[in-house]
Structure formats: C-alpha cells, structure tokens
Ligand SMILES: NC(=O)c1ccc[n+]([C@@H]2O[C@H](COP(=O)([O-])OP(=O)(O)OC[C@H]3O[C@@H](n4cnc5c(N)ncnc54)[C@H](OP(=O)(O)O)[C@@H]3O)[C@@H](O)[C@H]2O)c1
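Okay, here we've got a single chain as structure tokens, the form predicted alone, with questions on binding and movement later.
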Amino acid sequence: MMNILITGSNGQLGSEIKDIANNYTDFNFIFKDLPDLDICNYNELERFITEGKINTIINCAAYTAVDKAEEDKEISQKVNATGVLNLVKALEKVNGKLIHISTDYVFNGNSFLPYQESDIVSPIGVYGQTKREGELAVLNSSIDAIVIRTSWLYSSYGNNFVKTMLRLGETKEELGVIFDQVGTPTYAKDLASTCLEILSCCKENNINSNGKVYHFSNEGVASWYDFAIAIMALGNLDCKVKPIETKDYPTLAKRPHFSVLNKSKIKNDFNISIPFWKDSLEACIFKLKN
C-alpha cells in the first residue's frame, strides 16, 4: 500500500486531490496543511513521515502570492525552497517518492515557442527564483522524484482568477484585462488526476523517474483577456471586458509575457490525454454555479 502524504492539502490542487482520492483504492492518502504540518520545520516533518510510514509525497504546499513575494522574500524562500529541501531530506531517509509542483514562472517569458522541459530557465521575480530553488533541491537529490511545472492554475476551491472574474462580473459593467500576456489556464482537477495517474503508472510498471521534469497545463493558448471573455460567457455575465496592456496595469512583480508549456513529454511517457482549456473551464464554472 502506498501511503501518500498530500502537503498543502487545503489549497486548490490539494482540495481537488481530496475530491478524487476515493477513485484510487490502492492508495492510502494523508492530507495535511498548516498548522497541522509545517514543511519548513524539518524535525516535525521527519518525525511525521517516519512514524506515519509515509513513502510518497505530492507537494502542493507553496507560497504563491507573486507580488507579495517581492516584499516577503524570506517567507517565499522558506516555503518554496527550504521546505522542499526538507521534504527531500526526509524522503531520502525512507527511500520515498516525490511529485513536486512547480511553475511556468521559472522562465522569463521571452520565447515565442512553447517551453520544453529542457529549455533554459531564467526566473524574473522572487516567486520564480524561489520555485526554481525548490526544483533544484529535488533534481539534485537521489530520491525517486518528478517535478511538474504548471501554469495559470484555477479551481472551484481557493482564490483564483476565475472566481475573481465571476465575482467582479456580477457587480461591474466593464473590466480591463491584460491581453499581451499569453499562456494556458490549467484546471487544478485535471492536474490532480494527472498526478495520481502518474503514481498509478509508476507503481504498475515499477518506474523510477528520478530527476525528471514534466510540463502540464490544459491544451490550447490564451491571453488573460481571452480567459476573462470565456469566463464571462460561460458564467452568463453581461460585464464587458476590454483589452489593456501590461504597462497599463503595473504590479510589484514582473510577469512572463509568454508562458505556454509544451506537454509532449508527459503525454508520451504516461499516455495522458489533456482537455482543451475552455472545456475544463466550462466544467469548473458549472461546478461553481451548481
């Protein structure tokens, strides 16, 4: 039996894993978040993993406030880098397996071709830099570990762009949304399914994926403007969305202008089918409305 610890289990991805956990009867899931378990406290973490006979972790814990990270560098570093190193060190002692979730923000966004796993990373802000340090903690270790980079995550849980747009769309007649940043929205439910399918595949075929990086988002390409237009349409809202440039909406952290991810590797290695972003968005909004 795989004893799988889900860290950061109250976040978007952790909550989606909770929803589908019953479909995976071969796995015993342990869901933990603050204050019950702090990945930044190594002694507490190691004791929990050892005593709980944890042999697998999906790390959904992260500091994801991109703008606040520019001011709270120490906290971002602690969660996104030190906390991940703690997970690695604790798993090394029990010969465990790790799936670590990372981000498109490890790239600078200057490309015009979908990013492949082998492309050079060059984070442009504190959030991306600390997430890259977390990646390196995993990739430089000896444990059986996978890094999955994702982008523009949303869910029916937590705070995210979809829920913000739906809320604003009910009270505003018009909204300005950035059109010159391009990427792909990702429904956390699809990423949750992918993580568990990968674990099933590795268990069934006795695969050790030590040090492999994969990209996962939904299929297709969109700007934030395109994304907002689709949200208003699927939410049956009359709010008009007008396109604005990045320079007209200044933020503390610089965003990558282009962060489309190439998913060929994860599809080929694990035979995964990925839904189109608008189809997944429709499913999420249907869930929120009902």
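Computed from a prediction, not measured in an experiment: that's the story for all the values here. Position 1 is the first residue in the sequence shown; the rest follow in order.
What comes next is about the form predicted together with the ligand, which does not appear here.
The ligand in the predicted bound form is not approached by residue 221, whose heavy atoms all lie more than 4.5 angstroms from it.
Taking non-hydrogen atoms only, residue 102 approaches the ligand to within 4.5 angstroms in the predicted bound form. At the 4.5 Å threshold, heavy atoms of residue 79 reach the ligand in the predicted bound form. In the predicted bound form, the ligand sits within 4.5 Å of a heavy atom belonging to residue 13.
With respect to the ligand in the predicted bound form, the three residues 33, 62 and 153 uniformly fall within 4.5 angstroms at the level of their nearest heavy atom. Residue-level contacts in the predicted bound form: of 37, 229, 239, 54, one residue has a heavy atom within 4.5 Å of the ligand, and it is 37. Among the residues 187, 107, 214, 127, the one placing a heavy atom within 4.5 Å of the ligand in the predicted bound form is 127. Residues placing heavy atoms within 4.5 Å of the ligand in the predicted bound form fall in a single listed stretch, namely 127-135, out of 171-179, 127-135, 111-119, 89-97.
Taking a 4.5 Å heavy atom cutoff to the ligand in the predicted bound form, none of the residues in 199-217 make contact.
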